[in-house]
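First, one chain by itself: the form predicted on its own, in structure tokens.
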């Protein structure tokens, strides 16, 4: 009995905490996340309470984790791709309206020069107007006063007004004052020498439009673009998030300033991933064959030394190569200049920058391929090579007629995994070139060495015009491309999926 009570008590406590989290998310208007945790909580209770689903409770944490960290982010990204979500369209319509209605401006026509006096009762602000002077009651000016009434002044306070250096020391407390006149006007500090009247920047009308009280221009809410717009086409920032359908996806193929860089980066990304797999496999297989050669002594030492690049953290190796390829002081250019009298522009020439990336990535990736090939080569019967030698075949013939046909099928899933990894190799690009050199004429941050993943990152997080919607659309395209290419490769290699 005690065990049952404890069981249901723990379950009730966990459900209570989950419901508290859901309500907190809902109160913060995070409706999507609130719905996600509601679904996860309901499904968890259903699985763990229903005796018929007893066996499923052991796999439920893995399924919930996949839904929370894989499926939900993917669906959320796809959803953002259909919106104008960006640095200028982060808020909801109500939040944008509240933001605009909360703006104020200071009037130049109603302005008072002032003097600050220190009396026995406290500080006094004396305002000198064109038609009437005003004065405040004694103040502490310790930051506790917010709204202070001002009354007509019959005479100036006795003594000398404080010097400018004293006003500068008190400017933060003076700046927080709101002085209220008898006719309902609000005055605030406009400069170190004057106070001015505060007015609402915008007036909201019943039809949802707003008017700028300074310029008398009226703006209407445009729910297609997510901005308040005037009749002349001017817009107000910030904007709000709206659904724009397939616009982000169509931009990729219709806007020349996006289409050109996107397809250039796509071709380079595909070429980079394929070339990396080919180069690392070729070098890894060559070294694995050499390490299998009976004539070589000290194989353990060579094997250890050749695996070392795999043991060193990738970011360290990348930064070391960045220094080696430095155009002015790098050791590689110093050697090339000494031998051939040339100093290649590794980071400013697109072709050389891409060549450098392939060299570095081949160095980083060959140990993995070498380890795979070493294991597979040991599984090939020696009799096949002996029979091939009796037929007069040499090492090259053995490689293409015996070795490759026997190891390529078990290697194929790993080669596909390597292709997918390098297709999204963000760290290499971010640390080595940062995507540079830039593509001329692109309307979004784009470089000739950018991969699609780094290109997407730069669109989302670089510069002030962060366009999360366009980045999400490109990220969705990357997912579909990588998934399709991987599936095609698996089908062609006849690996069961």
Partner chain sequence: MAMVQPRSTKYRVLASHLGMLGFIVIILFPLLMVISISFRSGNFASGSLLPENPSLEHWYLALGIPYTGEDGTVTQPPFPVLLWLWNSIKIAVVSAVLILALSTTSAYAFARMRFAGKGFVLKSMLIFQMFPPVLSLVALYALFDKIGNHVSWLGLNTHGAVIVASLGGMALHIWTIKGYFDSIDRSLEEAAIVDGATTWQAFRYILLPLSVPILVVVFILAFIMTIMEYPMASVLLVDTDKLTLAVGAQQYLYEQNYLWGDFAAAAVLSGLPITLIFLYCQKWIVGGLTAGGVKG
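Numbering follows the first chain given and starts at 1. Just so we're on the same page, rigid core means the largest C-alpha set that superposes within 1.5 Å between forms. Please read these numbers as outputs of a predicted model, since none were measured by experiment.
There is another form of the same protein, the form predicted together with its partner chain; it is not shown, and what comes next is about it.
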item	value
Contact of residue 127 with its partner chain in the model of the complex (heavy atom, 4.5 Å)	no
Contact of residue 331 with its partner chain in the model of the complex (heavy atom, 4.5 Å)	yes
4.5 Å heavy atom contact, residue 142 to its partner chain in the model of the complex	no
Partner contact for residue 111 in the model of the complex: its partner chain, 4.5 angstroms, heavy atom	no
Site check 48, 246 and 270: each within 4.5 Å of its partner chain in the model of the complex by heavy atom	no
Partner-contacting position among 442, 44, 38, 431 - heavy atom within 4.5 Å of its partner chain in the model of the complex	431
Its partner chain: the contacting residue among 93, 426, 105, 220 in the model of the complex [heavy atom, 4.5 Å]	426
Segment that reaches its partner chain in the model of the complex - one of 194-202, 258-266, 312-320, 177-185, heavy atoms within 4.5 Å	312-320
Those residues of 27-43 which, in the model of the complex, come within 4.5 Å of its partner chain by heavy atom	28, 30, 33, 36, 37
Large Cα move at residue 440 between this form and the one not shown, threshold 2 Å, rigid core	no
Did residue 482 shift 2 Å or more between this form and the one not shown, C-alpha, core superposed	yes
Displaced residue check between this form and the one not shown: residue 71, CA, 2 Å or over, core reference	yes
